[in-house]
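Only one chain comes next, encoded as structure tokens, the form predicted alone.
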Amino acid sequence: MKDTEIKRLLAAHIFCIFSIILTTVVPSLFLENFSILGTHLTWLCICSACVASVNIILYIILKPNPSSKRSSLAQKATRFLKCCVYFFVSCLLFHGIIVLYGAPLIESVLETFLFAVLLSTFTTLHCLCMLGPNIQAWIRVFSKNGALSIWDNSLQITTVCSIVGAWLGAFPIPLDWERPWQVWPISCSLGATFGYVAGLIIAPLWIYWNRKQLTYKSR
């Protein structure tokens, strides 16, 4: 395994982490009384949009999984539309799963949906950028020994960390501490964000540490 590829992965992850930091600093310069807790829904929108933009730009620049086949403009447009549909369906699925796990069904619908959008940005959008709207590729990557590159391993780690972080973030909500960050869905979205950042840090370190043991099958 070439160390240059690991360095490209690390650089991409640093940009993603930096984009999240910017969402907590830059908006306060332009929006009055902006804060993650006080204007959480606004932050959810800004964070989702910023992370999505950075992921798409990095994919276009780095092209981690280049295809040998040339696509026509019509094929690229179809692929883009499929990605949009998949992302929207992912938001709906996450919304439904979150409700099944105890989120309010009727109350706080907007809060729940925006949290689902954030979670989809950390997981589904990342998959769409790396693998495209190919369900078989998704199943392969998240199956045992299904990774074909360090980018696939990174995708596994960041996705799992984001979901686990969101799940762990739900634990403080029912406690009677009466803290501002216990309001739905602040702790869950912060948990997902911390999990995503943790995954971005852990992935390149784990890959570098295990680089001699990692062997990938040919495509």
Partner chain sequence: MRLRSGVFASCCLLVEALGVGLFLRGFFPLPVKSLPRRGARGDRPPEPPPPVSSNWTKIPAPLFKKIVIVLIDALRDDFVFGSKGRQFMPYTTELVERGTSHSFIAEAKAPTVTMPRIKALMTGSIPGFIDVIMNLNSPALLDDNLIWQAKTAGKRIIFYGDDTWVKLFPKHFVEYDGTSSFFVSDFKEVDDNVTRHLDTVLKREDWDILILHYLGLDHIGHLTGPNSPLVGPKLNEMDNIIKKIHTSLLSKEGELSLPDLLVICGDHGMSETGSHGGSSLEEVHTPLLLISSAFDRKSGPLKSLVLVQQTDLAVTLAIGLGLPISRNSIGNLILPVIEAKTMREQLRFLHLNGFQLSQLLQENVPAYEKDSGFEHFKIAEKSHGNWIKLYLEGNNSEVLINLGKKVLKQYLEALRILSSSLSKQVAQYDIYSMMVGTVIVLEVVLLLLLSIPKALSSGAEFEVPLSPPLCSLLFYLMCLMLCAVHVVVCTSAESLCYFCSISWLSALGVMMLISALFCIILSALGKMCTYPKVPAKNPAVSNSNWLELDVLIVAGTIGHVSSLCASSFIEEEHQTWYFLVNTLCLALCQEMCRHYFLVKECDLHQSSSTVKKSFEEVKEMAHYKNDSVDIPECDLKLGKIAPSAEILKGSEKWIGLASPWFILIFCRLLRSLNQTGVQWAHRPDFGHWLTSSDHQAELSILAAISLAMIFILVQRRCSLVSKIAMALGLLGVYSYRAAIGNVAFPWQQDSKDISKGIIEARFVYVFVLGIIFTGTKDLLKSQVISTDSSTKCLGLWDVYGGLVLLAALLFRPHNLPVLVFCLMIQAMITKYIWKPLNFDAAQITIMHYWFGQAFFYFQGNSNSIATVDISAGFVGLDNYVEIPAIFLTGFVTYTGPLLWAVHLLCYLSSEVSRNSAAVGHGCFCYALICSIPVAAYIVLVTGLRYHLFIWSVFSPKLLYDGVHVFITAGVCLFFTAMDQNHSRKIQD
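Fair warning: this is a prediction, and the values are worked out from it, not measured in the lab. Residue numbers count along the first chain shown, from 1.
Not pictured, yet referred to below: the form predicted together with its partner chain.
A.B. asks: I need the one stretch from 91 to 99, 124 to 132, 111 to 119, 76 to 84 whose residues put non-hydrogen atoms within 4.5 angstroms of its partner chain in the model of the complex.
C.D. replies: Answer to the contact question: 91 to 99.
A.B. asks: Is every one of P104, E107 and F171 within 4.5 Å of its partner chain in the model of the complex, counting heavy atoms?
C.D. replies: Every residue of the candidate spot has a heavy atom within 4.5 Å of its partner chain in the model of the complex.
A.B. asks: Just one of L29, I60, L175, L37 has a heavy atom within 4.5 angstroms of its partner chain in the model of the complex, so which one?
C.D. replies: The option sitting close enough to the partner is L175.
A.B. asks: F194: heavy atom within 4.5 Å of its partner chain in the model of the complex?
C.D. replies: Heavy-atom contact with its partner chain at 4.5 Å: absent for F194.
A.B. asks: Is W181 near its partner chain? Define near as a heavy atom within 4.5 Å, in the model of the complex.
C.D. replies: Because no heavy atom of W181 falls inside 4.5 Å of its partner chain in the model of the complex, the answer is no.
A.B. asks: Need the contact residues for 147 to 168: heavy atom within 4.5 Å of its partner chain in the model of the complex, sequence order, or none if there are none.
C.D. replies: Read in sequence order, the lone residue that approaches its partner chain (within 4.5 Å, in the model of the complex) is W167.
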